[in-house]
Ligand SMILES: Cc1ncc(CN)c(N)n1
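What follows is a single chain, given as structure tokens, in the form predicted on its own.
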């Protein structure tokens, strides 16, 4: 599987996945019809989101049981801070929005609901709970980036698309898939779907996917 076996099962059993990965916002990125003010609004909110998301991945380091788990989680934190957030800063700067303004952005309700859900999963649960809540964003953007790179009919948002379609970001998705598969096997054994925890992990993934849809909806309404 492209991003690992666990992710593939979670994705295929999340009914809302197509509504997330093929959302109107996503389609607008691909064909260039997304209004630029909506894109900038999304970037400002996503900058704040990524601050909290980076903290959640940092929390994964403290939840890890092995050095390898710690290394993979730390690599994702690095990618978020030094690549994704850097893209947002650059794109917004070109539109006259500096980083201080970005950092001062007031969180929209949809943003707050999603980030706090993920952080709560980590604080109240273990590494598996946290990874199930984190996976839709990381892997979803990789899947969306690859799809748009192959199907886009406009270059209006090519920089955003190329970031998530890049070999570097795809490697992040691969590494996270390895982390999830290893963490699942280490804690739930060779038949994780038989574990009494499996349904709850699937439900966490499905809820985070729903919250991703809410984030796209928010992006369309500056």
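Not measured: the values here are computed from a predicted model. Positions refer to the first chain, counted from 1.
The same protein also exists as the form predicted in complex with the ligand; that form is not shown, yet it is the one meant from here on.
Contact check for 25, 143 and 157: none of the three has a heavy atom within 4.5 Å of the ligand in the predicted bound form.
For the candidate set 40, 50, 165, 60, a heavy atom within 4.5 Å of the ligand in the predicted bound form is found for exactly one residue, namely 50.
Exactly one listed residue, out of 128, 102, 148, 137, brings a non-hydrogen atom to within 4.5 Å of the ligand in the predicted bound form: 137. Screening 148 to 156, 119 to 127, 80 to 88, 93 to 101 for residues having heavy atoms within 4.5 Å of the ligand in the predicted bound form returns a single hit, 80 to 88. Mapping the unseen interface onto this chain, residue 46 counts among the residues with a heavy atom inside 4.5 Å of the ligand in the predicted bound form. Within this chain, residue 215 lines the site of the ligand in the predicted bound form, having a heavy atom no more than 4.5 Å away.
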